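We begin with a single chain expressed as structure tokens, specifically the form predicted on its own.
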């Protein structure tokens, strides 16, 4: 692969590699859903599993073999040159708490990003990288969302689009409550304000699936404060390629993100979330 610094581009083989890696990790998730799981870390609002590490190693092995010059940034660690022009951004199991409890609502999330300012390598800032490819795979429903920047989003190979609902009182909105106290404090007022105004609030437990559900019109918006880059990189692009709106900004010292994704028709009614 050429290091085209002036005009980053993704290719179909790169997308195919990400899809293959997502399916491979998804197969491991599906096979172990009801098996006993080894917990490596547990805090009040989050769980880490030994299987998270195994899934990321499987993804990394496939992607780094196919593209050894591309770095990998994942929830379970980093591989490759951190100053690489390209990087894979991986969440091997998004929705780990669901998965650990045997709830089949979790997924694999893989994005390919290109540095937009190659002369100034920096950490995780959204202005310095652009997502070129997004893949989100739900192995329990066998649903694969894919997107390449500038092309339509797809669900199992078919074009998928955001909803057309423009009234908040008809909308189904997903809220995420991250494990960090700052994020919880931010989201509780949003919950109180939105509950009486929308058709339904949903709290599903997987940021990547929340995003692709917006991309497929199943939900009309998704809000969360305190998520990580690997939670949202792939799904955010998929929302955009499905005709929706994806806004994010860094909070809490530059490591966590505040996100609002919608069908684009609810932006004005959700603008308070970014104030």
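As the structure is a prediction and not an experimental result, all values here were calculated from the model. Numbering follows the first chain given and starts at 1.
Another form, the form predicted together with a small molecule, is not on view; read the next lines as being about it.
Q: 171, 89, 136, 93: which sits within 4.5 Å of the small molecule in the model of the complex by any heavy atom?
A: By the 4.5 Å heavy-atom cutoff, the listed residue in contact is 93.
Q: Of the options 183, 176, 80, 74, which one has a non-hydrogen atom that comes within 4.5 Å of the small molecule in the model of the complex?
A: Of the candidates 183, 176, 80, 74, 176 is the one lying within 4.5 Å of the small molecule in the model of the complex.
Q: So in the model of the complex, is the small molecule close enough to residue 207 to count as touching (4.5 Å, heavy atoms)?
A: Contact check for residue 207: yes, within 4.5 Å of the small molecule in the model of the complex.
Q: Any of the heavy atoms of residue 227 lying within 4.5 Å of the small molecule in the model of the complex?
A: Flag for residue 227 set to yes.
Q: Contact with the small molecule in the model of the complex for residue 222, defined as at least one heavy atom pair within 4.5 Å: yes or no?
A: Close contact exists here: in the model of the complex, residue 222 approaches the small molecule to within 4.5 Å, heavy atoms only.
Q: Specify the contacting stretch among 80 to 88, 198 to 206, 159 to 167, 144 to 152, defined as having any heavy atom within 4.5 Å of the small molecule in the model of the complex.
A: Within 4.5 Å of the partner lies stretch 198 to 206.
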